Every structure is written in structure tokens, then in C-alpha cells.
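One chain is shown next in C-alpha cells, namely the form predicted alone.
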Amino acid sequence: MSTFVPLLFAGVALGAIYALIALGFTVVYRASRVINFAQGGLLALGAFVTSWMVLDEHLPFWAAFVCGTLLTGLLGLAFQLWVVRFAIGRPEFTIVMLTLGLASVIGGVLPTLFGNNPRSNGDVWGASSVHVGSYQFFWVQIWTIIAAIVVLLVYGAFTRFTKYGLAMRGTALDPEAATAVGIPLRRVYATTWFIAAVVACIGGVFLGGYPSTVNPTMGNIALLAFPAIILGGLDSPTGAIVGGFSIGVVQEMVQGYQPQHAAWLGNDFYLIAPYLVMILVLLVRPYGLFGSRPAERL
């Protein structure tokens, strides 16, 4: 238990970040049936902007966090309005390539603006921790879990009780019917991109907390979050949450126990484990745990 509890807690904290990333993927996919491969780039951008505001501009962390989140959200919104908007109606492959292009641009711009050296995210917790009995829990992990839960609850309330949230749900169910009843699809698409960019920034800021750092390659974690999306189901926010937390726990547990009990699998097997879990789930449930089977007309 002395090993299990810290690993479980670290897995839940990592899973909270994966859940936020997966939610960003899912929000865009539900509205447009396109996978946004720029999600990792937006995550890194949000983390760097927040870090720069704290360390270089000397803003308080929470003010920088809010500003970084809004700026990242506005970038996602601008990309949808000024780029993706004009590709709507074209093959989905076109939009996918546009998102890959945005990811490449962000990946090239970040080292130019902020350098290649790792940096702190500027948070107020650092390496501070709290002890519960014989267990030590870092405050950044505790706040990561709290932040993820708050974001997920706010998103759930937004989609359930607001006009735009209901419009997003209607668009996800049937875009043609949504258009017929007067739902403005362009505004819905813009809203989904704003939300996806916001949750990416939040995940990036907490990902850069101790003992990790903010660095230009941190956006690659989106690839590790991808099994969480597939596991839960591409079109299911609930699946994104369950998949994210599940994959985070699996990864931390494998990283903690595998070197002791199956060292022959190598030191980086924990990076492969999420994909193995994804494969096993897809063999049983091809559309993920909560994904919906597409309707077919005969």
C-alpha cells in the first residue's frame, strides 16, 4: 500500500489532464466530425503564455492563468473563424490537415518566442506538499484534480442549461436537423473551438507543474491522451472523462510496478500500455466504452 496509494493518486492527477485533453478532442469532433490534431499545440501554447506572464511580466499566477486561458481560447476561436470556417463542406481530410498545419506552426513558433529551455509554469505551489499519515501528496496534483473536476462540471452545466450548450448538443445529434430548426452552426463550431482551446490551456498549465516543466515538446502528450479518447468513444464527453482518468491510472501503475516485476519489457513500456488497453477495449467495443454506433440507412 505504501507504493499503491501514491501511484493511484499520481495516476488520477495525470488522468485529470488526459480527461481535459480528451474533452477538447471530443467537443470539436462531436460538432464537426473532425479530429483536432492542434490540441497538443494549443496545450503547449497556453502553458508557455501563462509561464511568460508570470516569470517575465511578473503577473500574479492566477491572473496570468486567466489571461493565458482566454488568449488561447481566442486563438482557437480565430483559427475556426478565419481558417476552418472556409473549409466547411469540403472533405473532412482537408480540415484535419488544417489542424495539423496549426500544430506545426505553433510547434515552430514556441521555441522562437520562448526558447528551447524548459521553464517553470510559475505556479504558486512549486514542490510543496501535504502529508497524510505516511503519504505525501503534492499540492500541484491536488489542484490539478480540483481544476479538472470544476472544468468538467462547468462544461456539463453549460451543455445542459445554456442556449449555446443545447445548440451544441443538437448539432452533435443531427447537424441537418439543427440547421432546419434555426441553430447557427457557424457559431456552434466557433464555440466548440473556443472551449477546446480553453481546456487545452488549463491542462497544459497543470501539466507543467512540479516535477514537470513547460517545454516545446509537451504538446506531444496529446498523443498519449489519444487512447483515452478512443477508449471512451470519440463522440462522448463522458467517455472522454472516464477514458482520461483510466489511462492516467494505467500509465502510472505500469510505470511504478512494471520495472520491478517485468523489467524485460523495457523502461518505457508505460508509454505503450495505454495503447494496449485501447486495442483490447476496441476488440470488444469497436466504438469505445461510451461511443455511439453510427446510424445506417437501408
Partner chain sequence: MTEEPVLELRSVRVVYGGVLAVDDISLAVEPGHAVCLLGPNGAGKTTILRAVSGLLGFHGGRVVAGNVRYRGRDVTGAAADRLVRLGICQVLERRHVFADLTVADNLRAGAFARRDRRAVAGSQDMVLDLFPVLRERLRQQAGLLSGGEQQMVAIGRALMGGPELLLLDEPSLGLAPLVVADIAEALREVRTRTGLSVLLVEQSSAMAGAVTERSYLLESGRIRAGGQTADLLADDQVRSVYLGASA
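Only a predicted model underlies this, so the values are computations on that prediction, with no experimental measurement involved. Residue numbers count along the first chain shown, from 1.
Not on display, but discussed next: the form predicted in complex with the partner chain.
Think of it this way: in the predicted bound form, the partner chain has a heavy atom of just one of 96, 150, 166, 142 within 4.5 Å, and the residue is 166.
Taking a 4.5 Å heavy atom cutoff to the partner chain in the predicted bound form, the contact residue among 154, 181, 130, 127 is 181. Contact annotation: the partner chain lies within 4.5 Å of heavy atoms from the stretch 183-191 in the predicted bound form, the single such stretch among 211-219, 196-204, 142-150, 183-191. Looking at residue 73, you'd find every heavy atom of it more than 4.5 angstroms from the partner chain in the predicted bound form. Using a 4.5 angstroms limit between non-hydrogen atoms, residue 173 touches the partner chain in the predicted bound form. Though the partner is left out of this view, residue 82 does not reach within 4.5 Å of the partner chain in the predicted bound form, counting heavy atoms only. At the 4.5 Å threshold, heavy atoms of residue 120 stay clear of the partner chain in the predicted bound form, well away from it.
Along 134-162, residues 160, 161, 162 each place a heavy atom within 4.5 Å of the partner chain in the predicted bound form.
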